[in-house]
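We begin with a single chain expressed as structure tokens, specifically the form predicted on its own.
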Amino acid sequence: MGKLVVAAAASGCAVVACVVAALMVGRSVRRRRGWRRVVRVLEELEEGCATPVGRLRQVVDAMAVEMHAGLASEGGSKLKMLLTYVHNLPTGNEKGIYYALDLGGTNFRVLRVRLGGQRSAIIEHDVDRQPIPQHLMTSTSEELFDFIATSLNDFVEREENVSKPSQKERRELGFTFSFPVKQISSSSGTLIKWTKGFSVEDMVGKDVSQCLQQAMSRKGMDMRVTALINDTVGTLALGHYHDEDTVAAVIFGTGTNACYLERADAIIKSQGLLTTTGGMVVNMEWGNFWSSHLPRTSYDVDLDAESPNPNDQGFEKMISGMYLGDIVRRVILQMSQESDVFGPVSSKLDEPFILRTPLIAAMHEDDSPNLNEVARILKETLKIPDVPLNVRKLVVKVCDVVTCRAARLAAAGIVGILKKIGRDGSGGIASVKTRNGIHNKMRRTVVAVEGGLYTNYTMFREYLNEAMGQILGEDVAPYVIIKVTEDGSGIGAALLAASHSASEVVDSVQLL
């Protein structure tokens, strides 16, 4: 009897062991299948985001073609190719004290810059930052600009050791106004529409500079708006001030844009355009660039469809800081839905823009052995705790794929500008005969770059610079230099106030 009980017990244990083993095997099989599914998601992402040099050169050509079309006629291209009427870029010879006003969001800045007349000799500059009260963002143009003029006047009166201008001189101001404007001259333009939470309705259609000028007059200020610009043009001005070979400027930040110096006779939509320098800065508004050669994935399609501006700013949505984090979020969400490698699907993964680009930069550049920063961000931001190391590595790879694509497309965009103005080496490199033999010679070309995506995100910067070299080739690449500038919207505006000052040059843009 005892032997039967023992045998039965042993038999029961064997059955339980078999059941447990079967469950473990089943769980292991499911885990392997789940892992294969998330790896497949990654492989499809890599394939969809691929940017071989051949494809990048197709994007270069497409950018140059769209630039030509945008210069030929209004509405002829996705690129607006807006005339800025800025044609006198700073040379480094400017002297004196100039002011800048930078209005681009819920804060505005006032700057005073003293120039010493030698290239790169910005002797000093003072800055004052002020928030705009919420109620003024939806009030009247008079109330808004009276507040700005009052702050500007207070700033001027606080100047130390600065003599007042003589009766023949006036203080001159560069105004960076980062809202959609139809430019009329280098110092005036009408507001097309408000963005960024502003809704001062009586201002739409009015001359922005004139509104500020009238407010300054009401405060008894003897100051003149000499230049009305956007931040990208300010970056070009600052770059040119430091280096006369600067021909283009690009901003890589929350958004992205580019401008460059074009021949006036190449701007066909304004036939008969004459400037004293023979050139003019063109604001491309390149965020709206599009081409079938851009490597678009289902994540890009969904992001665009769910955005406030579908079918608009397609290039910006693939390369700018505003969107990279959200593309990564969408990929992680897809992986979570395909498998349980992240555990239960976190509700945070459904929140648009919860994963900001600085966070993906921190994960991407996490060099700790256990990827502790990746684990922290997944836990604190996305509420996904206890992620295994192999899955954390997968997240880093997703960040890498998305950022690499963005940076390489950005590089192609820059080379597209250079191709349009004949600075990409595609026309060949001239050979110059010297006493020591024949040497190749090409013009040195500088592109000014500003924005946290480029300056703060090391991997983005390295991928962009690498792609520039690959597209241009080893013979041309050494002649193209990317130079970082800082505060084009502030100092750059003051420099343009100087270069377009009545004491420096008479503004002479004419249409024949």
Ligand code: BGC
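All residue numbers refer to positions in the sequence shown, first residue = 1. If you're wondering where the values come from, they're calculated on a predicted model, not measured in any experiment.
One more form of this protein exists, namely the form predicted in complex with the named molecule; it is left out here, but the text below deals with it.
By the criterion of a heavy atom within 4.5 Å, Gly255 is counted among the residues contacting the named molecule in the predicted complex. Among heavy atoms of Pro180, some come within 4.5 Å of the named molecule in the predicted complex. In the predicted complex, at least one heavy atom of Ile251 sits within 4.5 Å of a heavy atom of the named molecule.
When contacts are judged by a 4.5 Å heavy atom cut-off, Ser199 does not count as touching the named molecule in the predicted complex. Listed stretches are 370-378, 350-358, 90-98, 312-320; the contact stretch with the named molecule in the predicted complex is 312-320, by a heavy atom cutoff of 4.5 Å. Proximity to the named molecule in the predicted complex, defined as a heavy atom within 4.5 Å, singles out one entry of Glu285, Asp326, Glu172, Asp207, which is Glu285.
Put simply, of Thr276, Thr195, Ser217, Asn107 only one has a heavy atom within 4.5 Å of the named molecule in the predicted complex, and it is Thr195. Residues are counted as partner-facing when one of their heavy atoms sits within 4.5 Å of the named molecule in the predicted complex; in 206-239 these are Asn230, Asp231, Thr232, in sequence order.
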